[in-house]
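Two versions of one and the same chain are coming, encoded as C-alpha cells; call them structure 1 and structure 2.
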Structure 1
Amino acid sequence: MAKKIGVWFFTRLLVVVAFLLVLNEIYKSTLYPRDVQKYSRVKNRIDSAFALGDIIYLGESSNTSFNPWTDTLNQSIGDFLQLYIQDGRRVEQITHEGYHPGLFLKMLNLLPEDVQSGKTVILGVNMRTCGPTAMFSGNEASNQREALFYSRRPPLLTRIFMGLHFYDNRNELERESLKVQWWRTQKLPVPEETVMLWNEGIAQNCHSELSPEIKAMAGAYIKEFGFILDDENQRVSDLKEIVNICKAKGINLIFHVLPPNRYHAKRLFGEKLVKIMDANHDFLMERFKQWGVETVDNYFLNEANEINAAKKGSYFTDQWYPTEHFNAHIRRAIAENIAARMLKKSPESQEFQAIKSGVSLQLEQNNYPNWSIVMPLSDSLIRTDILN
C-alpha cells in the first residue's frame, strides 16, 4: 500500500514539474522579454556589458549627468575613460539612476559563469547613498522589484516572486517614517545633536533673515550628509560583499569615490557639516584599505572643491540640492584619475599628459550653448556669516 502511494505521489510530482518546466519555457519565449523591458530596463544591458566588456563601469546618474547651461561635451565618465584607455581594452557602462551598492551587488549575479580572469569592474562610490535619504528612498521598492531580474533563476520563478511581492516592497509612507525616525534619533557631533533639531533651527526664527531658497538648500544638505558611517551600515556591508565576490571570481575591482559639493556645504555651515562628511570619507577609505580593494579617491577633486572656488561650485549641475551631478569638467577629471591609476601612471606624469594630449583632438563640441545665458548660481544667495 505504501509503495503504491509513493508511486502515485512521485508520478504526479513528475507531472507537476514537467508542467512547470514547459510553462517556464513558454513564458521565457513569449512574455518574459516584454516583462524585462517593462520592469527591468537595464537587465539586457547588464548581460551584454558583462559579456563584451574588458572594463565594466557601474555608475548611477553621476556617470551621465549633463549641464545644459555649461556643457559643450556630453561624454559620460565611462566615455572619457575609453578615450584614455587605448590599449585594446573595451569599456562597457551600466548606468542606472538612483542606484546604490546593494543593487550593484545584485547585478554581479549576472556575471558569466566562465567570467574571464582579468576583467575589471569599476564602481562609483557615492557616499551620500549610505545615508537615510537614499536608504529609505521612495523609489526603493521599484528598484528592488527591478533587481529581481538580476538573477539566473528560472524566469517564471522571477515572475512569481514579483507577483507575490517577494522583495522589499515597503511603501513610501513606511520608508518616510523610517527616514524621519533616523533624523530624530541618530546622534551627531554638533550642538543640535540630531538632523531634526538642526533643521528645525534653520527653519525657525533664529535664521529668519535667510531666503526660503537657502533655507531649503541648507535643510537638504543636513538631511543628505547628516549621518555617521559605521560597520553596521547596510551600504558598507554591501561594498564589502562586492569586494568578496570580485576576489572570489578573480575580477579586478576598483572603487572610485565621487566628490560631493563640499564647497557649498562649507559656504552654508563652515566646518560643522564638512567635518561630518570628511569623517565619513575617512571611514570608507580606511575600510577600503583593510579590505585590500584598489581605490581612486576623487573626494577632494580639484575641480569640485575649494581650490576651484572662483567657479563658485558651477561645475555641479544642481545648484540647490546636493546631488553628485557634474558637468564635463568634473566628469573628465574623474575619468582621467581612474585611467591614470589603471595605466599605472601619475596623472601629472609626462607619460599621462602625452596620452591626454593624444586624445584631446577626439573631443569635439557636439552642442553649442547660448552664450547670452548666464547660469544662475546659488552661491550668490549664500551668506557665510549666518549658518556657521
Structure 2
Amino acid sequence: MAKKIGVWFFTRLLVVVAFLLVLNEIYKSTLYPRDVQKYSRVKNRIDSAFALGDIIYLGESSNTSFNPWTDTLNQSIGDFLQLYIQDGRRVEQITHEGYHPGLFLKMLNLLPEDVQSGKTVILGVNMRTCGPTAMFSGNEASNQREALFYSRRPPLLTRIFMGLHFYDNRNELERESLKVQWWRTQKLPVPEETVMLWNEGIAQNCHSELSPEIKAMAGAYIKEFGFILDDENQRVSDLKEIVNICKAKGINLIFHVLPPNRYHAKRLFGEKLVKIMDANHDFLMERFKQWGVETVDNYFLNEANEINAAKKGSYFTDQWYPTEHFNAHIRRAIAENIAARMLKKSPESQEFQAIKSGVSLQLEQNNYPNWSIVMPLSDSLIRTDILN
C-alpha cells in the first residue's frame, strides 16, 4: 500500500510542479506587473532609483508631507537636497508613508551587490518609529504585504505568499495588545513609572483644568515618545543591519536624524518628556558612532526649536498629533544640513547662502503658519491652558 501511495503521490507532485513552473512564467508576464502596481507602489521605484540616482534618499512621510493650507512650497527634502547638490550627481527618492528601518532594510537587501558600489543612501531616522505606537501601528500589516514584493524570489511565490497572507499580518487588535503591554511594563524615569499610569493620570484626575483636546494631545505625546531605547529594540537592530548591508555592498550610508516636536512636548510636560526623548536621541547617536556610520543630526534643528516656534508659530504641520511632518522651512533646512555634510561645506558658505536666498522669498511669503485660516492650532490652546 505504501508503495502504491508513494507512486500516486509523486506522479501528481511532478504534474503540479511542472504546472507551477509554467504558471510562474505566465504570471510574470501577465498579472505580476499589475499586482506590483496595485500592492507594492514603490517596488518599481527601487530599481529605477538605484539605476538612475547617485544619491538615493529613503524617507517616510516626513520627506514629502506639507500643509496644504499654508505650505505652498511642496518640494520634498530630497528635492531641496538636489538644489544643493550641483556637482552633477542625481538625487533619487523613495518615499513611503509609515515606513521604518525594517522595511528599508528589506529594500536594501533586494539590491544586487555589484552595481551599487559608490552610491550614497541617505536614510531619515525618525526616532518615533522606534516606539510601540509606530512599531505596532495598524498600517504595519499592509506595509509588510508591500514588502513581500521586495524580493528576487519567483513572482508566483510572492503572489502565493500574499494570497495566503504569509507575512506579519497580525490584525489591529493584536497589535493594540502589544502596544498596551509595552505601555504597561516598560519603566520610565518619571514618577508615574509607566506610559499607562502617566496617561491614565492625565485622562482621569490630574490637570483637571486642561481641555479634553489638550488631554488627548498630551496622551498622544506620551504614547508616541514615552519609551526607552535599548539594543533589544527591533528598529535599533534594523538600523544596525542596514549599516552592515551598506558596508557589504559598498554603499555610502548617511543617517540623518529628524527633529521631533520638542516644542509641544515641552509645553505640555516641561522637561519630563523631553528628557526621555533626548536620552533616546543620545542613545542613537552613540550607537551610530559605534557602528561608524556618518550621521547628520537634525534633532535640535534651529528651525524646529521652541524659540522660533514661539516667535513665529510651529513649523510642524500636524498641530494636534506628534508627527515629523514639516513645512518647507524645516524640509529645506534638513536638506541643507545633509548637503553641507556631503559636500563638506558650511551652511553659511556663500554658495549655500545663494541657494537659500533663491527659495527664501517664497518661504517668507508663503510658509508661515497662518493662524487664522488653518484648523485651530494646538499651540494657541496650550498657551491658554498651561501658560495662563
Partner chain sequence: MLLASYFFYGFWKIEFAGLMLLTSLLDWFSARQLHKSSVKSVRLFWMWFAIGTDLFLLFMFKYFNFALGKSWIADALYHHNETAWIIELGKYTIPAGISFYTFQSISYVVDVYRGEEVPENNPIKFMLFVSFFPQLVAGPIERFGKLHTQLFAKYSPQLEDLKNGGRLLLYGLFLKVAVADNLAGVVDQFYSNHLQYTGASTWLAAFMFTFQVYYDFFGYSLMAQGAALLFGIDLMDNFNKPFLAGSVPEFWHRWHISLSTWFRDYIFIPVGGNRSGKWILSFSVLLVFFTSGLWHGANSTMIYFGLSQGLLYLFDRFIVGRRGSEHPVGLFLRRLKTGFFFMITLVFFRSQSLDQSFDVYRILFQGVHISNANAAELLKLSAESQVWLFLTVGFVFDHFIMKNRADKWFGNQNLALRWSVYLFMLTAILLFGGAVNHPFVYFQF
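The model shown is predicted, which means the values in this text are computed figures rather than measured ones. Residue positions are counted from 1 along structure 1's sequence. Basically, rigid core = biggest C-alpha set you can superpose within 1.5 Å across the two forms.
Which of the two shown corresponds to the form predicted in complex with its partner chain?
It is structure 2; that copy is the form predicted in complex with its partner chain.
Superpose on the rigid core and then read off how far the CA of residue 19 has moved between structures 1 and 2, in Å.
Shift of residue 19 at C-alpha, rigid core superposed: 3.5 Å.
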